[in-house]
Ligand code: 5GP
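To begin, one chain is listed below as structure tokens, in the form predicted on its own.
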Amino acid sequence: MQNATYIDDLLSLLREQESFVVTSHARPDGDAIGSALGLMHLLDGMGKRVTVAFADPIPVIYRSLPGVERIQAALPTAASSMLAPDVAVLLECDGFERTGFGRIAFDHMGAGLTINIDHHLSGKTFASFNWIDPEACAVGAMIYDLAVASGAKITADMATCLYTAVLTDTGSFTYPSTVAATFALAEHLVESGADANKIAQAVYFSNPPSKIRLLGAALGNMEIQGTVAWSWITQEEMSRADAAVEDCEGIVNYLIGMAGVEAAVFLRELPSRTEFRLSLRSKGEVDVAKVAERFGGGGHRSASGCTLDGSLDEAVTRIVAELQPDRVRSVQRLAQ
């Protein structure tokens, strides 16, 4: 019932306003892009003016999504447009900085209303209107619920974008957030025109050679200690593979896919060479969202991320210690 109230209130806001900017987090993934484009198609159908913007490039595997050509690389500003947008919608963000544009860019844009739609446990109420549902399998699922409640027709284009969002953010329907309603949603989207096979081909079987070269290097670096597995990629290895940041997406899933491994982490050296970006995964026993939050990150129980300072050895030592079963059980007892 709580979600129904949020949806009703949000629909009232959307109907009252005329122009929108939709964005999501830096280094966008399938849910960020699919849900943003899905919302764009919904707002298009409502007769609204919509701009979609991302601070970082769209990964190759998502560039065939309907409407992706409309995505801009910068937020509009009051000085650069006839009218400032009425509303800025941020998806999957815990603040304005998470978009990669920064708070100042939103101030310059001049939107009178901000809307925050998120499904992370670490979500924060930073906007004028905040709808956070940690039980949702993806923000794309929240946009789907919004579209259904609006009475709008779920077009094939919207269905394709939202199916992509749900497919990728549930780990191909393998994460604990996948429930019966998730499959009902997927069924409806396929009935509405989403081509499940074509989407899967684009997401999983359209990788550039650079990603496969990088995967080989990462797997060569793999280490296992008890039930924890980890691997890493340095800037030198990124250059050698001629790889982009997007080529790192999904590498951690190979680590968590091993028998006997309960938690996994992939570390990517950042250009500063003094920081590492971490992707964490769990099969459920370890709450990697809480681990990530202790380092200033966040996410879901089974999939989270954070950034650590220091050398590779320092970063590995810190994160592997946090993921060990004894450490996890100790922290859980303290939290009770």
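Quick note: we count residues from 1 along the sequence shown, nothing fancier. Note that the coordinates shown come from a computational prediction; the quantities given were computed from them, not determined experimentally.
As for the form predicted in complex with this ligand, it is not shown, yet the points below apply to it.
This ligand in the model of the complex comes within 4.5 Å of no heavy atom belonging to Lys211. This ligand in the model of the complex is approached by Gly297, whose closest heavy atom lies within 4.5 angstroms of it. Under a 4.5 angstroms non-hydrogen atom cutoff, this ligand in the model of the complex has Ala303 among its neighbouring residues. Remark: Ser282 does not count among the residues lining this ligand in the model of the complex, judged by a heavy atom distance of 4.5 Å or less. Contact with this ligand in the model of the complex, defined as any heavy atom within 4.5 Å, is confined among 213 to 221, 198 to 206, 179 to 187, 91 to 99 to 91 to 99.
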